[in-house]
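Only one chain is shown below, in structure tokens, and it's the form predicted alone.
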């Protein structure tokens, strides 16, 4: 091959490389663009009515009667936070315990058997979880503790189970990513297996574990179908774990099909509030994780 041909081949490869980089850049920005378009659309549809009626009455109002122009979202905000907190209280300790057992105390054969089964739980449709909750969990709560059964407790338990695959899978990956020298050094210094897990592996895998909790929290607060089926859907502030509750997502899903005019705008505003809550919780969790990494 002559020098001129080698130069043309080199130019062609360089041009193809630039085109591939440009195509990948467009694909990457398309995802961001879709998120931006969704955000702009929801905010544009939902914020005018919030300022028209006042942020205080919209966010702190306890009455949701769209036919009477009352759009208080406080019961749904409390309901969403209550079932999400309950799901984290149930799902995070159980998920982290399962991740520790799988990574540190179970044999490879058991791990290869159980981990795929846990990951399959993420593929079960949420309506199936809701159906199991209605058939088994709600009657049990009604008989054992009283109340209607459709409650904060029922929704928290079902959502706690639903976030398990996320918490377990990401926590297992984070713990397995810790260099073996950390574990071997701790054992060599005389620490027990549990002391090694608590004082060495957990701090080293903290960022991944916090990420698993954040994603689990996002799954819990964004879940709709299961909460519609088992939470009771009462637009009132719950005063106990056995009280029925309505979440922000359920509020939108239940009423969007027949809403018109300001009622429809109020449901878009519900989406804005949900979006802000998720962003705030993610920001707090990420800031906490970053601050702890700096102090290590």
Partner chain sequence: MRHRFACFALALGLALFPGCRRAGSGSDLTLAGSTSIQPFADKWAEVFMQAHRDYGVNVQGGGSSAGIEACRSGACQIGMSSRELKGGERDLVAIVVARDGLAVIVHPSNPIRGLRAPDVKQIFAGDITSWRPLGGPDKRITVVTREEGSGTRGAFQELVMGKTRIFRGAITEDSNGTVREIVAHDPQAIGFISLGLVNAAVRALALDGAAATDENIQNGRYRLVRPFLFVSRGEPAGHAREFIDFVLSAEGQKLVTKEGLLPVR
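No experiment lies behind these values; they were computed from the predicted model shown. Numbering follows the first chain given and starts at 1.
There is also a form predicted in complex with the partner chain; it is not shown, and the following applies to it.
Novice: To verify the annotation, which of these, 254, 241, 43, 59, has a non-hydrogen atom within 4.5 Å of the partner chain in the model of the complex?
Specialist: Looking at 254, 241, 43, 59 one by one, just 254 meets the 4.5 Å heavy-atom criterion.
Novice: Which is the contacting stretch out of 162 to 170, 100 to 108, 85 to 93, 222 to 230, given heavy atoms within 4.5 Å of the partner chain in the model of the complex?
Specialist: Stretch with heavy atoms near the partner: 222 to 230.
Novice: Even though the partner isn't displayed, in the model of the complex is residue 206 close enough to the partner chain, meaning a heavy atom within 4.5 Å?
Specialist: Although the partner chain is absent here, residue 206 would stay clear of it in the model of the complex, with no heavy atoms inside 4.5 Å.
Novice: Taking any heavy atom pair closer than or equal to 4.5 Å as contact, tell me whether residue 150 reaches the partner chain in the model of the complex.
Specialist: Yes, contact at 4.5 Å.
Novice: Is there a heavy atom of residue 63 lying 4.5 Å or less from a heavy atom of the partner chain in the model of the complex?
Specialist: Residue 63 belongs to the contact set for the partner chain.
Novice: Even though the partner chain is not shown here, does residue 236 get within 4.5 Å of it in the model of the complex, heavy atoms only?
Specialist: So residue 236 counts as contacting the partner chain.
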